[in-house]
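Laid out below as C-alpha cells are two forms of one and the same protein chain, each shown alone and named structure 1 and structure 2.
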Structure 1
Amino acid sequence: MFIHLDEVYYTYNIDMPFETKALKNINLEIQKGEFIGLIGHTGCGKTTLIQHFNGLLTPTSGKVYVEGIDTSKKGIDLKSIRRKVGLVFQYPENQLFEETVYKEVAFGPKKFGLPEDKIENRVREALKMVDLDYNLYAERSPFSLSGGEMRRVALASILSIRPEMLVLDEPTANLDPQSRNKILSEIKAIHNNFGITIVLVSHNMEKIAEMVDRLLVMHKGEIIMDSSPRDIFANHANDLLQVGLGLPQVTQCMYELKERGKKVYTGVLTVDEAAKEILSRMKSPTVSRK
C-alpha cells in the first residue's frame, strides 16, 4: 500500500467564527500504479484531501501514512515524502519564476541535492515526458510560452524529481480544447509508460471517465463513492445527480435511450462504445445486459 488515510478529519480555523470542517472520516487506500480520478463540486474538500498526500496538511484527527510513514509524526523527513509524491496545483504556471525553462525544470533536482552532472539528464527526460523539445525550449523564458506550454513546463518541473506519485489538481483548467487534450494525453502516456501512480482532480466527466481506472466522488468533505467509472456511471447515476454532479454526455445519451424503452447498456464511457452498443441492439434488440 502506497498511501493510507485512516479516519482522517480536517478542520480549518478551529474555534474561530469561520470554523469549517473540510474533511470527515476519510478512509482511503491507494496502491502503487493506480490511476485515480477525483471529482466533486467546488468546496467539497478535494484540494484539502490531496494536500494530505504529501504532508502539506496534516489531519486534525486521524492518520495519513505514505509507505507506512505517519506524516504527522515529529521529526519525519517531509522532504523525502514530497519527493515521492509530486503535487501540481491548479494554475501551476502562476508559480513559475525562473528565467529559463531549463532553470525552472532543474530547480527541483537542485533543491533535493542531485549532483550537477545529472541535472541536465533529468531536465531532458522531464521535457521529453511532456513533449517539449529540449533544444527548442531549454533556453527560452517560460513566460514567453503559450498557456498550455507553460503548464507543461510546470508539470515537467515536478516530473524532474522523479516522483512515485503525481497528484494533479484540475490540470486543464482554462485551457483551450487543443491544449487540454494535449495535457491529458501526456498524463495518460506518463502513467502507461512509466507506471507512476496518478491522482487526477477534474470536472471533465468525459475525459476522466475514459482515462482513469478508479473514481472517487466527494461531497461535503466525505468520499461517497469509490469504484470504477463504469460501475459508478452505470449504477449510481441517480446518486450523482442527487449531489449535483452530471454524467458524461455519451452516458447521459444512453440513459435517455433507455428511458425511451431501448434496451441499451448505460455503462458506456466513449462514443465508440456507444456506437457499438447501439449497433448491437439494432441487430439483436431482444438481448438485454445488466
Structure 2
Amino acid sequence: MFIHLDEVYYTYNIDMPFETKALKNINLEIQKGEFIGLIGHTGCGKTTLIQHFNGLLTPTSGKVYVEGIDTSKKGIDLKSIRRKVGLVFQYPENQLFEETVYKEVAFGPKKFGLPEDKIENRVREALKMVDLDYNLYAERSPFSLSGGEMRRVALASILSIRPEMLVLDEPTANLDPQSRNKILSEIKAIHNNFGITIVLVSHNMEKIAEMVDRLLVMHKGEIIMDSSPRDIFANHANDLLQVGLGLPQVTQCMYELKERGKKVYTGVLTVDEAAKEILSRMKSPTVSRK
C-alpha cells in the first residue's frame, strides 16, 4: 500500500473564532499504480486532504502513512516523501517563486541532488510535456506569464522531479481545451508507461469520467462515495447534484431522456458510448434515418 489514512481529522485554527473542521474521519487506502479522481464542492476539503499525502499537513488526530512511514512522527525524512509524492498546487502563482522558468523547473531536481549536467535535459523534457517551447520560455519570468502558461510551468516543475505519485489539484483549470486534452493524455501516458500513481482533483466531470478508474466524492470534510466513475455517474446523479456536483454532458443527456420515459442506460461516460447507446435504442432505424 502506498498511502494509508487512518481516522484522519484536520481542523484549521483550533480554538479560534474561525475554527474549521476541514477533514472528518477520513479512512483511505491508495495502492501503487492507481488512477484516482477526487471531486467535491468548493471548500469540502479536497486541497486539505491531498496536502496530507506528502506531509505538507499532518493530521490533527489520526494517522497518515506514506509507504508505511507515519508522517506525524518527529525526525522522519520529509524530503524523501516530497520526492516520492509530487503535489501540483491549485493556484500556480502560489507555487512559483524563481526568477526564470528554467530555474523554476530545475529547482526540484537540483534540490534532490540530480547532477548539473542532467538537469537541463530534465527541464527540456518537462517543458515539452506541458507544451512550452524551451527557447521561448526558459528565460522568461514566471510572473509575466498568462494564467495558462503559469499553470504549465507549475506542472512542469513537479514533472521534472519524476515522482512516484502525482497529486494534481485542478491542474487544467486555466488551460485551453487542446492543451487540457494534451496534458491530460501525457499524464495518462506517464501512468500507463511508468505505473505512476495519480490523484486528480477536478471539477471537470467530462474528463474525470473519461480518465479515472476510481472516484472519490467528498462532501463537508468526509468521503461520501468511493467507487468506479461508472457506478457513481450511472446510479448516484441525484446525490451528486445535492452536493453541488454534476454529470458529464453526455451522461446528463441520458438522464434527461430517461426522465422523459425513454429506455436508455444512464451509465455512459464518453461521447462514443453515448452515441452507441442512442443508436442501439432507436425505434425503427430505417424509418427515422434522414
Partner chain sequence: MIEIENLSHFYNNQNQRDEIIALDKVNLEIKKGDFISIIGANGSGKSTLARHLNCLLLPTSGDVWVNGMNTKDPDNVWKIRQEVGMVFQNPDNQIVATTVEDDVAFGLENIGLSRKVMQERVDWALRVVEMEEYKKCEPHLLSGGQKQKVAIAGVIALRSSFMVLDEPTAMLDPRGRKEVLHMVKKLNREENITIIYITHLMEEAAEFDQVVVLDRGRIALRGRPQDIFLQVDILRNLGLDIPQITELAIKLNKNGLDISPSTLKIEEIVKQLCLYI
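Between two forms, the rigid core is defined as the largest C-alpha subset superposing within 1.5 Å. Since this is a predicted model, take the numbers as computed values, not measurements. Numbering runs along the sequence of structure 1, starting at 1.
Here, the chain labelled structure 2 is taken from the form predicted together with the partner chain. The Cα position of Asp169 differs by less than 2 Å between structures 1 and 2 after fitting on the rigid core.
Relative to the superposed core, Ser72 shifts its CA atom by less than 2 Å between structures 1 and 2. Put the two forms on the same core and the Cα of Ile198 is off by less than 2 Å between structures 1 and 2.
Core-superposed comparison between structures 1 and 2: Ala138 shows a Cα shift of 5.8 Å.
Its Cα shifted by 3.2 Å, Glu104 is compared between structures 1 and 2 on a rigid core fit.
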